[in-house]
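Form predicted alone, single chain, as structure tokens, below.
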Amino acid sequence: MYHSSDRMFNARRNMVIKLEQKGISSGSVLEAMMKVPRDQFMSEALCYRAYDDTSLPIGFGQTISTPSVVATMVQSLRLTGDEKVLEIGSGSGYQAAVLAELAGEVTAMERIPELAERSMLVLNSLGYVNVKIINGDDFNHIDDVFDRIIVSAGVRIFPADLLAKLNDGGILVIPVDESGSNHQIKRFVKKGETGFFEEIIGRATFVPYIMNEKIV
């Protein structure tokens, strides 16, 4: 059952077709991208561009990521429906909604209070009861561990202590900029207490991840 915003149905369907053409192969991810009305997570002035494959401003110097980047990162999490997911830098709440379609429980952290409040209102209006928005900037304050973690802002140096929030066998996806150019989107699979497998799954430009008023 698709959510409201039927006026954008064809635009959303065309977006999904293009995502498949760009290599998004997961049927469940494509279905989730079809269900979630991206236009509801941005201003009325920009909603006509909601299904273009581009990032768009959402206020406070932040952007909503391109659909292809969202789909690539979410697909790499390999969600099966029961996982506990932590999203850091949830912004508009759009990716949290996509995650909520695919996971059991989503905790989304957003440091800007106005965005956290706005995204929660939209998620509630769309019926996403399995999403919790936390207004904060430090993942160390979350007293929990997760099956999947996705970071929606770019870091300069990989925060290794984030792996402590991940269950054994869990997956972390994070954009890392070690070269001063576009971020490398990296996927980490945790192996035991300190080990992990790492791979690069793509490249894109992200707003910086800011924690405790310092750029990580």
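One rule holds for the numbers: they count along the sequence shown, beginning at 1. These figures come from a predicted structure and were not determined experimentally.
What follows is about the form predicted in complex with a small molecule, which we do not show.
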Contact test in the predicted complex: V29 vs the small molecule, heavy atoms, 4.5 Å = no
Heavy atoms within 4.5 Å of the small molecule in the predicted complex: does Q184 have any?
-> no
Would A153 count as a contact of the small molecule in the predicted complex, using a 4.5 angstroms cut-off between non-hydrogen atoms?
-> yes
Would V36 show up as a contact with the small molecule in the predicted complex if we use heavy atoms at 4.5 Å?
-> no
Tell me which of 74 to 82, 125 to 133, 109 to 117, 140 to 148 has residues with heavy atoms within 4.5 angstroms of the small molecule in the predicted complex?
-> 109 to 117
If you check I58, C47, V189, V69 against the small molecule in the predicted complex, which one has a heavy atom within 4.5 Å?
-> I58
